[in-house]
Each structure stands twice: as structure tokens, then as C-alpha cells.
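Taken one at a time, structure 1 and structure 2 that follow are two forms of one protein chain, written as C-alpha cells.
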Structure 1
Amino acid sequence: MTRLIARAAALAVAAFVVLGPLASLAVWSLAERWTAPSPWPQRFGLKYWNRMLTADFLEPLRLGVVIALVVTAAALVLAIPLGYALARLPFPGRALVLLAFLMPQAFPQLPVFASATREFYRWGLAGTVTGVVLVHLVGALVFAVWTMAAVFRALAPELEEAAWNLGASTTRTFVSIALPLATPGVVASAVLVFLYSLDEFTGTLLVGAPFVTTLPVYMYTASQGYELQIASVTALVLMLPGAVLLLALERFLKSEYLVFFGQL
């Protein structure tokens, strides 16, 4: 009996910690009028959710998704061959290459992006979508290259040797054997990169401002203008793809990849 109570209490605490902030967001997103002394909004309504259907909101959403798709495609095109090379070829400096990709993550984000922005101004990339895509790629490639290298290392080399042995060229072997077998890893990698790009804020704000506005930037601007309702709606919408895709990802991410993850 006491154990049951203890478990119920633990669950309640966990639920509060996880769901509390979410509930607060949900309440805020529905509050049409909520002035200071009141513990509860005076008037509820869907006014701000309806604002979702206006260009104010849909344009940043569309732009953010387009940027995320471009970043995902570019990251995969670069990371699949690079990850394969890192996994299979025993070239010297393998560890250095992997570390080089980790470097931007090793330092605080703000100075890294700030100095990137300064460079981008010189090349005329500041305030452009291209600039935002590039700054997202810096972070995205870490996930993508490390995941792909781990995925390809988890493939038994004999599977490819068996194809060479029967006369398949290296390219054909890669396309017909290694790549299909790495598909779960490619999907996992794509999901991680897509979500990273969709939610990326610091770099987007520094490089993209004032012309490129994605949802996280929009949310930030809204909350700065004390439109907490707009910020809440945006936050809830931004959470959705993450929750859905990560649940789907669980099926694809095999534990054996993790064995090789981060091995230099």
C-alpha cells in the first residue's frame, strides 16, 4: 500500500516536471485575456490559434521547413560518402577528420555563430537563406557524419567483399549492398538533421536577421513583444514534428550503431 502511494507520488512529481511547463504553454496559448493578479485567464478562446492560419505564422513555418529540407539533403549528400570513407578506409588522420566536425560543438555556440556572421557579412551571405543553410550545415554535419560513420562501421565488411568477389564494382557494391543496409541509419540521420535545422535558433537569428525568419526566430520576436500567446502557440507547433519523428526514429535506430558511435 505504502509502495503504491510512493509510486503514485513519484509519478505525480514526474508528470508535474514534464507536463507542468507544457500545460502552462497550453493555457497561455488559449488565453485571450489574462491580467496580472488573476491566477487564471479571464477569457479563453482560439483567437491566437487562428492566427496560425495567417501569413505571419505560415511564412516562417514554410521557410523553416524548406531550409530544414535543403539542409537535410545537403547534409546527407555530404555525410553518406564521408561517413562511408571514415568507416571503411584506414586513411591516416581519420580521428582528426571526425574531431574537426566536432569542433564547432566544442565551443559555446554564440561566439562561433557570431564570428561566422562576421565572415558571412564579408561574403554577402548575411541575411540570406543560403547563409542560414550554411550555418545550419555546420551543426548538422556533426550529427550526420558521426551517425553515418557509425552505421557503416556496424555493417560486416564480408557483406561487401561477397559482392566484390562475384564481380561487382566498388560503386555497384555501395549502391546495391552498403546503402540499402544502411537505410535505417540514413533515416535516423535525416530525422536528427531535419529537427536540428527546424529548431535551430542562435545561428538563424545572427546570420538570418532581419530578412530570414523561421519559426524559432518568430517565437523569440513574439515573446520579446510580450505576445506570450503567439510564442506559446509557436512552441507547441514546433514540438509536434520532434515528438512524432523521434517516436518513429526509435524503430530505426538500432542499438548496435551506438556501439560504434563516436569511435575514432
Structure 2
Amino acid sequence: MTRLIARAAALAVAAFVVLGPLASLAVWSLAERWTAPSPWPQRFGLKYWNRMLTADFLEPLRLGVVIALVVTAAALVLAIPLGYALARLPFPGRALVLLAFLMPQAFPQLPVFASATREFYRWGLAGTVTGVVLVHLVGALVFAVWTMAAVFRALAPELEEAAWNLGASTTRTFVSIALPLATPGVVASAVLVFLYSLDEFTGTLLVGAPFVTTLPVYMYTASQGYELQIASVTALVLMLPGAVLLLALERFLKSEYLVFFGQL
């Protein structure tokens, strides 16, 4: 009985920690009038949700999705062949290549992106969508390359070896055998990169401001202006694709892939 009570209490605490902030966001998003010292809004309504249908909100949403799709496509184009090479082809410096893709995450993001911003201004890329795509790729390739390397290492090499023994080239073996088998891993990598780009804030603010505004930057601007209702609506909208895609990620990210994460 004591054990059951302890488990129920632990679940209640976990639910409060997880759902408490979400409940606060939901209340703020519906609060049309909330003045101190009232502990509860004086008037509820959908006024701020209706503002989602305006260009002021839809343009950052559209731009953020477009940037995330471009970053996802570019990251996969680079990471799939590189991940296969790192998993299957022995070459000098392989471990250093993998470690190099961890460097952007090895240090705090603010100094990394601030240093990159200086170079982007020098090359005329600051304040452009191209610049934001490139700065997103810095972090996105960490997820894409390590995921794809783990995916290809998880595949049994016997089919590829049989193709090589029958005279197939490395390229043909990759296209006709390895890549189809790795499709679930490619989808999982795409989901990770898309979510990273959609939610990326620091690099977007430093490189894209004031001309490129995505939803995280829009939410930050709203909160700085004490428009807490708009910031709450934006946060809830950002959470929706994340929740849906994370459910998809659970389906495609197989346990055998995780075994090879972090292995050089």
C-alpha cells in the first residue's frame, strides 16, 4: 500500500512538473483581461488565437517552416553519403571527422553563433534567409551526420558484401541496397533536423534580425513587449508539430540505431 501511494505521489509530481507550465500557457493564451492582484483572469476569450489568422503571425510561421524544410533537405543531402562513408569506408581521420561535427555543440551556442555572425556580415549574408539556413545547418549537421552514421552501422553488411562480390560498385550498392534499408533512419534524421531548425532561436536572432523572423524570434519579441498572450499562443503552436513529429520519431528511430550512437 505504501509503495502504491509513493508511486501515485511520484506520478502526481511528474504530471505537475510537465503539465503545470503547459496549463499556464493555456491560461495566458485565453486571458483577454488579467490585472493584478487577481490570481485569475477577469475575462477569457479567443481574441489572441484569432490573431493567428493575420499576416503578422502567419508570415513567421510560413517562413520558419520553409527554412526548416530547406535545412532538412540540405542536411540530408550532405549527411547521407557522409554517414555511409563514416560507417562503411575506413579512411584516415574518420574519428576526427565525427568529432568535428560535435564541435558546434561542444561550446555554448551564443559565442559560436556570435562569431559566425561577424563572418556573415563580412560576406553579406546577415539579415538574409540564406544566412539563417547556413547557421541552422551548423547545428543540424550534428544531428544528421551522427544519426546517419549510426543508422548505416546498424545495417547488417552481408547484403552489401554480396553485391560487391557480384561486381556491383560501391555507389550502386549504396543506392540499391543500403539506402532503401536505411529509409526509417533517414526519416528519423529528417524529423530531428526539422524540429531543430523550426525551434532554433539564437542563430536566427543573431544572423537574421531584423529582416528574418521565425516563430521563436516572434515569440521572443512578443514576450519582450510584455505581450504574454501572444507569446503563449506562439509557444503552444510551436509545440504542436514537435509533439506530432516526436511520435513519428518514436516509430522510425529503431533501438538498434541507438546502440551505435557515440561509437567512433
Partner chain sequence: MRGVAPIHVAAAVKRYGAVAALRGVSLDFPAGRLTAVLGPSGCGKTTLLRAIAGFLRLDEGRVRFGDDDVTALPPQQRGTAMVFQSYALWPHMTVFDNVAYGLRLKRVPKPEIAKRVGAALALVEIGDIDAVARRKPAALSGGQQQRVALARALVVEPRVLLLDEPLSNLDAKVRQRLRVEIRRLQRRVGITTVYVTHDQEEALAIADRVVLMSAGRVVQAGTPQEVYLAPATEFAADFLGVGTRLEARAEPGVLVLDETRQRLPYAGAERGPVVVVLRASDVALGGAGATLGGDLEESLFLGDRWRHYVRIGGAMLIVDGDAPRAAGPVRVSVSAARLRVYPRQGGSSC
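Structure 1's sequence is the ruler for residue numbers, which start at 1. Whichever C-alpha set is largest while still superposing within 1.5 Å between the two forms counts as the rigid core. Here the structure is a predicted model, which is why all the values come from computation and not from measurement.
One chain, two forms displayed separately, with the form predicted alone being the second of them, structure 2. Core-superposed comparison between structure 1 and structure 2: the C-alpha position of Gly167 differs by no less than 2 Å.
Comparing the forms between structure 1 and structure 2, the C-alpha position of Val17 differs by less than 2 angstroms, with the core used for superposition.
Core-aligned Cα shift between structure 1 and structure 2 at Arg7: this is 3.1 Å.
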